[in-house]
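Below you'll find only one chain, the form predicted alone, shown as structure tokens.
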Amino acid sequence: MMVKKIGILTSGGDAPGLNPVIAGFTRTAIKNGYEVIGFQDGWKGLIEGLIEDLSLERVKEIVQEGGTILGSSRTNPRKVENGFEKILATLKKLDIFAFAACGGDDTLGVAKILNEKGANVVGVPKTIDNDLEATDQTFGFDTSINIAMDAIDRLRTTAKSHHRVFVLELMGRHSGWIALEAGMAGNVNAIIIPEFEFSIDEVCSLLKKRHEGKRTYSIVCVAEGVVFSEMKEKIEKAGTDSFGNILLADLKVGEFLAEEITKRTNLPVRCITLGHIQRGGSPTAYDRYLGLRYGAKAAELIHTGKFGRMASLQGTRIVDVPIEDAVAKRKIVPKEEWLLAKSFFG
């Protein structure tokens, strides 16, 4: 009997826990009698036929490693000439029975289209921002908020010593989960996220009141996707990626906010952009465990023929949901959680 080949790819920004996903998928698939292929550099690997064999030997010591051994990219098959046709041709040429696509809403949106075109595909939710509605939590998020919280704790000692205001820019394009949870855990003085308006005037008023006549300090967390009304010119000049997302590195909201606070309050302000440090290094125990479970579930979905489905964390259980549910709606911070955080400002 001929052994069926199945594959896996990791696409978009890397997140701590991707290698556990690959390991969980590979181990479960081999246990179920499949040969496992890894597509290199996300959708680029499927378009160009860039592959590597995934054996038990290859994945036996990757669970503790950050990043992804398969590599990743932001290649968008929609923007590649005959991109979807090339993917389907690669699957046919390599005799790939089915594959798992591990990524965020852009990646899963492509997976949904491929499923509609007849490809046997399943999904694994991956976003450092934790903003996919169809799952309670994505791997990598726990690692990122712990890194951010540690950064806040470390900034506090310098802020105290020099009586400064620190603006810490954290990841979060559309949703402010990282800034909210790390900021609350780190006991910062203000948190600004994309879901709810908190103007520069409000920030400055809070800081002036806090610092008036005192030798004190402040820490403000801002999610990278926050857009203040004063940033219209910066938005118009910013570039976009292949999926049409604004390049947040061009906006530099943290730097912009720090400059505005300086101008309006005359307080000593420094900006720190944590950037890719939030997604680097080894995953936490929680993210390793979650990644392994997600990967194993994806392999089981293929084995049971449940294509067009995505592994999902619901409470403490790993279940499956339609991929289309994952891309239908973004998970944003609820108003009650924002109001709780806001009640602690100052």
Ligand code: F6P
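Owing to the predicted nature of the structure, the values given are computational and were not obtained by experimental measurement. Residue numbers here begin at 1 and follow the sequence given.
Not on display, but discussed next: the form predicted in complex with the named molecule.
Student: Which of these residues, K112, K252, R74, H211, gets a heavy atom within 4.5 Å of the named molecule in the predicted complex?
Tutor: The residue in contact is R74.
Student: Scan E195, E260, E224, E181 and let me know which has any heavy atom within 4.5 Å of the named molecule in the predicted complex.
Tutor: Exactly one residue meets the criterion: E224.
Student: For a quick test of understanding: in the predicted complex, does each of T127, M171 and R279 have a heavy atom within 4.5 Å of the named molecule?
Tutor: Affirmative, all three are within 4.5 Å.
Student: Spot the stretch among 198-206, 171-179, 261-269, 86-94 with residues whose non-hydrogen atoms come within 4.5 Å of the named molecule in the predicted complex.
Tutor: Result of the contact check: 171-179.
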